[in-house]
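Shown below, as structure tokens, is a lone chain in the form predicted alone; questions about how it binds or moves come after it.
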Amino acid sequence: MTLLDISRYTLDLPDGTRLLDGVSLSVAAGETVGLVGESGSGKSLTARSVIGLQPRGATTTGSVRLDGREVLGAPVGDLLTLRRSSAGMVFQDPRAGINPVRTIGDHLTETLRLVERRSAADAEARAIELLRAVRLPRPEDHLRQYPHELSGGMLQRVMIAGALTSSPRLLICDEPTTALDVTTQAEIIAVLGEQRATRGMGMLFITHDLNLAASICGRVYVMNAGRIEEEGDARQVFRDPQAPYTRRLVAATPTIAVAQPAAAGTAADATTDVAADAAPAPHPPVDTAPHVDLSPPVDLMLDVRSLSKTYRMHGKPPVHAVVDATIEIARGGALAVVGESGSGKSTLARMIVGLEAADAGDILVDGAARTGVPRSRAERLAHSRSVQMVFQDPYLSLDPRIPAGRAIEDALRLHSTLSTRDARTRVLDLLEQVGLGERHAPARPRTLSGGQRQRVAIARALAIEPDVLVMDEATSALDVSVQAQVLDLVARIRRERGLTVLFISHDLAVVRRVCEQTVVMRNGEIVERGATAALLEQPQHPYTRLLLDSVPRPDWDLDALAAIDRTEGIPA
């Protein structure tokens, strides 16, 4: 039975701009259908239209039928009924979708109490049941917690549980694993697959990760500029793409699979898991990152020695966020730090940037001590000129009141003597380098997509031309082609300026393409280090092997994935 049937759906804004043009797709009960494409292609707008969340004043034609009922033009009461019973939605950013001043229990029980008229005790019991269904440990304890007390993966489980409160027949997942590390992503995907199979739901899965779409979706639709470019069996579409746009997406997708020798630093040179169908190659891995001789590291740009950080909270045991971490990056080199959420990656980065004070150890940038948090204005400016950071969350990295161009210009004027005219020219150049344009300069953050906001943040960091660029999951919110643009940009600046990069990521395919050296962190400790290609090809530590096993690929077995014991055999 067809749960969702969209036929020749077109959406125009009041100013005449066409955002969706003749979109047609369907989802049957028990089926997982992927909707993939770049930022701004219309994926999320299509998904929101299914539950009647079109832009105000938009003109629509065509048909959107959910569970046999027409959505376009439906009265508000009918739309509320559809949202309560027929469809649930899991959004990309759980921190933006859950009220930060209310407990998890309030978030989950509100609909049960107000819509289903359950008693407080019955609603709480149902909430605990849902949290247990999405494999959240100790659900009774979490009901009393606030969103800031949970990790991203735990919050995403809460979002899934909230979407399941009304037992929807269709679950719409809008980039639900974009910002999650690979092992947490694998767990969330296993939870979604389990719930779909148990409940017989249909699932519309929106993603820009082609390998993920090929691994969990039966069919896939590829969108570009509001149109469907290609559709069909997921593995077949990505193994043998027919549309030129799909071929470009596949070519731009990074991979941890062994690649044929190719010129460094171009997106078109990448070989993808979906294209290769996860088949191993018989020759050694090729490092496509710009080559830097790190043996011996006689000219260190970043030298971190025995760094430690412990957080002590009242009434709780201490958290050893970073334990005796030592890393070295030669001038112009790139080092990756990989690991799950909570492994200490971001804390290490924040200490290097000067946002956190280390309990012990030393940080030297180009020979200058940077261990302490800068206090005076002069110290802060000097530190920020030498080290810049691109943060993980594109929704929090920009001031919502300041247009994109102004945010970049302010950084330029703070750290340079450029005239207003020259600064604005430089702003446009930086926006173009990260795949944006002049029309984005006056845009405020709320009008930009998540990927566009992250590009603005990257442009702002590069504007100062720092000695060390710390990228904390900076490409996790970007679609594959824009990600390739940004990585090519970083590679070019490294070649031209000798930029040193500390790259924190959960995407091992991106790490392989960008960095010559990699360290693996777990529970605050570095458990493995070495040349990136060798470490990914022949991991020595059980935890590193777990990370590699959790990377999505077309031959993923979701049942086997769900059964993995993620602690067995891994030293604490």
Partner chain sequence: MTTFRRVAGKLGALLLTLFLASVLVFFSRFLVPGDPISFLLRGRKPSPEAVAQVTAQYGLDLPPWQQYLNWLAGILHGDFGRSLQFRQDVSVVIGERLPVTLGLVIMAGTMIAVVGLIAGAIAALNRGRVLDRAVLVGLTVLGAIPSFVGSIVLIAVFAVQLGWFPSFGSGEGFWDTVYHLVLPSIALAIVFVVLIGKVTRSSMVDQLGREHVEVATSRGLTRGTIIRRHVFRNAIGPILTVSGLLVAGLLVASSIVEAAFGLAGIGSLLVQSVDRLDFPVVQAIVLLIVSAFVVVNAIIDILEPWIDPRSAAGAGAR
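Quick caveat: nothing in here was measured; it's all calculated off a predicted structure. Positions refer to the first chain, counted from 1.
Another form, the form predicted in complex with its partner chain, is not on view; read the next lines as being about it.
Chemist: Whether D106 contacts its partner chain in the model of the complex should be assessed with a 4.5 Å heavy atom distance threshold; does it?
Modeler: Judged by the heavy-atom cut-off of 4.5 Å, D106 is in contact with its partner chain in the model of the complex.
Chemist: So in the model of the complex, is its partner chain close enough to Y311 to count as touching (4.5 Å, heavy atoms)?
Modeler: Because no heavy atom of Y311 falls inside 4.5 Å of its partner chain in the model of the complex, the answer is no.
Chemist: Does L114 make contact with its partner chain in the model of the complex, using a 4.5 Å heavy atom cut-off?
Modeler: Yes, L114 sits close enough to its partner chain in the model of the complex that at least one of its heavy atoms falls within 4.5 Å.
Chemist: Can any non-hydrogen atom of A443 be found within 4.5 angstroms of its partner chain in the model of the complex?
Modeler: Because no heavy atom of A443 falls inside 4.5 Å of its partner chain in the model of the complex, the answer is no.
Chemist: Just to be sure I understand the contacts: of R83, R494, R219, R169, which is the one whose heavy atoms reach within 4.5 angstroms of its partner chain in the model of the complex?
Modeler: Of the listed residues, the single hit is R83.
Chemist: Looking at N99, T326, Q242, T447 here, can you tell me which has any non-hydrogen atom within 4.5 angstroms of its partner chain in the model of the complex?
Modeler: In short, N99.
Chemist: Its partner chain isn't shown here, but in the model of the complex, which of 155-163, 220-228, 483-491, 121-129 has heavy atoms within 4.5 Å of it?
Modeler: Looking at the other structure, the answer is 155-163.
Chemist: What are the residues of 48-62, in order along the chain, with a heavy atom within 4.5 Å of its partner chain in the model of the complex?
Modeler: Read in sequence order, the residues that approach its partner chain (within 4.5 Å, in the model of the complex) are R48, I51, L53, R56.
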